[in-house]
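There is one chain below, alone, in structure tokens, taken in the form predicted alone.
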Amino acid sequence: MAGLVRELLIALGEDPLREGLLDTPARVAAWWRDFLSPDPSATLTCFTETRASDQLVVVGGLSVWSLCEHHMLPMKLEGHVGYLADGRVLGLSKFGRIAQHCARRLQMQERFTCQLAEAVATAIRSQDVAVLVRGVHLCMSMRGVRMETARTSTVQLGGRLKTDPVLAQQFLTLTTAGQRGPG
């Protein structure tokens, strides 16, 4: 990969042997390897909590970076996950680990939203999951139309959060109150 970065620098008219660029190919290659390698060791811990049955649990502020698979430019995604606790609760730090795991690849926001919902549903063994993601896409902000303030929102609703409009509205109200999105 470092060799490809060196070739890219040359194609861009740069001298990879100049002082500021000497170690750049190795640094860029190391970053790509690290960024696109999700942590496979994350354990998803659930706890029994019978008093939390039918309680809507919402975790927000799951801020991650990913790369748009169409332009390989960064996108900043902020996720909010809600689920109905049914005698089981997922450890709070696990939401961030799941979001990081889903983001550490070439991605689309729509797919990321679905993967986040599916991973939480699998962990809690229930389809009663909702996910809202807001994203800032540099492929839209810094190239093409250059709409710097544009935000993209995606929502995935499952189980009772999809079929019960009151629950869906509670989730959306909790996740959208005072929100503009990442920036």
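Because the structure is predicted, anything quoted here is derived from the model rather than measured. Quick note: we count residues from 1 along the sequence shown, nothing fancier.
There is also a form predicted together with a small molecule; it is not shown, and the following applies to it.
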query: The unique member of 27, 125, 33, 70 whose heavy atoms fall within 4.5 Å of the small molecule in the predicted bound form; finding: 70
query: Answer option from 84, 81, 90, 75, heavy atom within 4.5 Å of the small molecule in the predicted bound form; finding: 75
query: Stretch from 138 to 146, 43 to 51, 116 to 124, 58 to 66 whose residues place a heavy atom within 4.5 Å of the small molecule in the predicted bound form; finding: 138 to 146
